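Shown below, as structure tokens, is a lone chain in the form predicted alone; questions about how it binds or moves come after it.
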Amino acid sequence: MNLEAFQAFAADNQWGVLWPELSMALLAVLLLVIDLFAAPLRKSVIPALALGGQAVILVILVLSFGCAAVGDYFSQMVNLTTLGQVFRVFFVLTSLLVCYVGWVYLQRQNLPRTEFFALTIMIAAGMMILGNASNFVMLFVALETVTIGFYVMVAYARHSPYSLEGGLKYLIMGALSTSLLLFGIVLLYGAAGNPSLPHYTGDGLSYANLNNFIVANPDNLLVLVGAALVLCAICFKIGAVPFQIWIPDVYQGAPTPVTAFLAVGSKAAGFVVLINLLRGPFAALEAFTFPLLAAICAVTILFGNLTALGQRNVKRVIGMSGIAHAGYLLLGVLALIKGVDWAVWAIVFYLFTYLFGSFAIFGVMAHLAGPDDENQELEHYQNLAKNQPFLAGVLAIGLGSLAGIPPLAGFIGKLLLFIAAFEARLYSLLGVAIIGVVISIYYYFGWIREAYFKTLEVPPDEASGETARPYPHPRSLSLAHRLLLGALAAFTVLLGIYQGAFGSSPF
């Protein structure tokens, strides 16, 4: 490498554009350092620093939105886009809320605290890089950073056989998805590295170079097989059928904050990668990717909603319904493939409504769960409206939003996706999605019915003669908890009435 080439290479490595990811990583390291050298401060300082540090990063990200120079950096390893900046905000907000739910969860668990917050923040940093990756090497490194972190977090409650079982299953299935991804990348790289084919390039791992090659060779068998394997690996991350088999046991066994992280963060990371691939290197493969994803979309919506009907464990209900939500989001992706450009905005809006609604529910679950939070059943929510009317109200708003009930945000999110599908003339899939929404009302409102209209009759304790308290035990909430849960519910209502900053698509 001559001097000029080295100077150009060095100038391209602008570390300042990655300041949010670097700040998150440094925050995680700082938590570990404090835990190592100031152990007495673990209980008070570390949760506050984790929450406060991420809140500062989030505020700076929002205030500086649009100021970052979009473009390629690090030899086309990173492509900073407006969509990537939006997902930076999304993942920091997700991590912040996971840490809050984790703070509530860990107060009743004899588990390490510092490592939980550090892992959450590092996983979020990996997700932020995923949103701006423009090279398969960067994609793989960031994705494995996220996945390996989840291997640990799913089995974090090491005293629980459910958590250990979920961690083992996630490890096995995650290794399978990694194998599919690597095999697909190798096939794509091997095809693009064939000098006898048009548009040969020495760097077949860059999205831009690979796109040029695929445009010239859209029917190449290695390209089609490689693209299919990569898409299958991404479908595992979003929980689409037939790669959803891990979801019920993992969602139930994982600690509640980890389940929330998987349900919201992991799903969003999978979709931003999918969007970047379909708008980038796989853009010329519409004739191949569209029917494949359309079949997955229809089956995912029906499977998720139908299997959720028979569930009594609330974490499994969330897991199965999350599969259906992945199907709704795939509907927006298909509309995007068909040329409805604003469908990207609809997907982003839907993910934000899903975030607020889901964390409103998980926040309530964290406050009501006992030490064995993997065994939360619908029956445990009976008497909730009587004992904890505030929590019951937050729960109802969150569930109503996920069900798509007006005027909540989830209704607008589904409506936008359905309009995009209608513009793309996806009438059959639109009919399947509407059927799915109708089915989902039964199990979402079944949960609300348990909280509001059913009373748990508990027999008197034989020893004392007193009536035992039904699970969950009523607990008083501090002002901080009420403000945060109230804010999640308020945003869910507000986004349903007024979309504000989401009013026009910047993508």
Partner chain sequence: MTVGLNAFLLVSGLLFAIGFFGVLLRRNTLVIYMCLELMLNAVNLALVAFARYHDSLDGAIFVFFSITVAAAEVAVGLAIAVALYRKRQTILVQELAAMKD
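Remember, predicted model here, so these are calculated numbers, not experimental data. Residue numbers count along the first chain shown, from 1.
Absent from the display: the form predicted in complex with its partner chain. The rest refers to it.
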Checked A228, L182, A283, L415 for heavy atoms within 4.5 Å of its partner chain in the predicted bound form; positive is L182
Picking from K386, R108, R425, R158, the single residue whose non-hydrogen atoms come within 4.5 angstroms of its partner chain in the predicted bound form is R158
TL;DR on 364 to 372, 344 to 352, 210 to 218, 311 to 319: the one with heavy atoms within 4.5 Å of its partner chain in the predicted bound form is 311 to 319
Answer yes if any heavy atom of D72 is within 4.5 Å of a heavy atom of its partner chain in the predicted bound form; otherwise answer no.
-> no
| query | Should I172 be counted as a contact of its partner chain in the predicted bound form, where contact means heavy atoms within 4.5 Å? | reply | yes
Quiz item: Is there a heavy atom of L302 lying 4.5 Å or less from a heavy atom of its partner chain in the predicted bound form?
Solution: no
*asked:* Against its partner chain in the predicted bound form, would L205 count as a contact residue? Criterion: heavy atoms within 4.5 Å.
replied: yes
Those residues of 125 to 149 with a non-hydrogen atom no more than 4.5 Å from its partner chain in the predicted bound form are F136, V137, F140, V141, E144, I148
